[in-house]
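To begin, one chain is listed below as structure tokens, in the form predicted on its own.
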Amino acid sequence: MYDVIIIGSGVAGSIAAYKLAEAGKKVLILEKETLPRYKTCGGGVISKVSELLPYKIDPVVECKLYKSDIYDHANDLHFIIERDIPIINMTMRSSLDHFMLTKAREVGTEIKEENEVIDINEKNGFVEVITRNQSYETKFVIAADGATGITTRKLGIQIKVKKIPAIEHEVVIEKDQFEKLNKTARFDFGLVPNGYAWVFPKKVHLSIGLLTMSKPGINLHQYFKKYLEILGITKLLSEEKHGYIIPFHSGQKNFSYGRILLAGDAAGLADPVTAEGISYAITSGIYAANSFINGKENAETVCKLYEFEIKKILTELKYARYLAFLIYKSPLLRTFVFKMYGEKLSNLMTDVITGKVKYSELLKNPLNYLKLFKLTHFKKNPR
């Protein structure tokens, strides 16, 4: 009998395992793939993540970026934002995930790969987890198996997570072109309908991606070709194409079901503005572990503690959705705001990314609006 079985070895599952094993709990991670495995992701670890982890991820950071380029194609604007701390640490998700998993193993976590979970059954006082190889018994399950994993299907809650299409290509380009793009994180708005494009430089290649908040039907591959032209990339020496789904929380009320806790992508905790999911995945994994430890294995108490903690994330997501509506769902308003206050907005968003301020603090505090929208402007233009 395990104290906790964690389904999925991504960042949410690995940090939960680390916290639990460090506290002396008997923990098992079940992973269906062979490790390490590739995961489609930009690999950008924002600065505030470093405050969450009990160890440094420097061994798997390929480059630290202190500058970002933000382009608004609707207004033909370009803003350069700089900070004295890294805005984003660039990693490959396969390396980051494997590094965090290794840390969990070092404190006593048992890991079984090539062990796909095919069923989960809650019994009287424990949970039976059935894989293609064998079955296991555990007091609790932390489901960190993604938006389309067995847990959400088993619980029948997958329809409560909005899934956003995205593509990403890992490309190697000519050295002179690479050196023009490898020093900043680049974000392009007004290019993809209701979405954005990005360039994340790695050690020897670029991760170039696009996403849209619109309903399926937009040909992202067509916009990718156009984006390469805008970037001035004329030749790809090598290219790996990947398509994936980003899950967004869309209003479900529960993140705990009996003795099962949802964490990371399984809970749809991606940022609706940036589509970044690593920080909230790690946060939810920590919350899940702490809830089990502090709840003293009482199912009702553990669930109440976890739901209480998750509300902190949901509050930030609620305010983030207000900003996402401005950026993606109101193109005319977004064009106006970027034209008038794009640099100020970009700086405020960078403060969110680096952890200097939260979405709730940004949007609840009237002083932030005064910083963004000069009061004199409204005196002259009351409409």
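Since the structure is predicted, the reported quantities are computational estimates derived from the model, not experimental observations. So that there is no doubt, residue numbering starts at 1 and follows the sequence shown.
In what follows, reference is made to the form predicted in complex with a small molecule, a form of this protein that is not presented.
Looking at 171-179, 237-245, 307-315, 67-75, the stretch with residues near the small molecule in the model of the complex, meaning non-hydrogen atoms within 4.5 angstroms, turns out to be 237-245. With the partner omitted here, the residue from Ile150, Leu206, Met92, Cys303 that has a non-hydrogen atom within 4.5 angstroms of the small molecule in the model of the complex is Ile150. By the criterion of a heavy atom within 4.5 Å, Phe140 is excluded from the residues contacting the small molecule in the model of the complex. Taking the partner from elsewhere, Glu122 is found to have every heavy atom lying beyond 4.5 Å of the small molecule in the model of the complex. Although the partner is absent here, Phe292 sits far enough away that none of its heavy atoms falls within 4.5 Å of the small molecule in the model of the complex.
At a distance threshold of 4.5 angstroms between non-hydrogen atoms, Leu20 is out of contact with the small molecule in the model of the complex.
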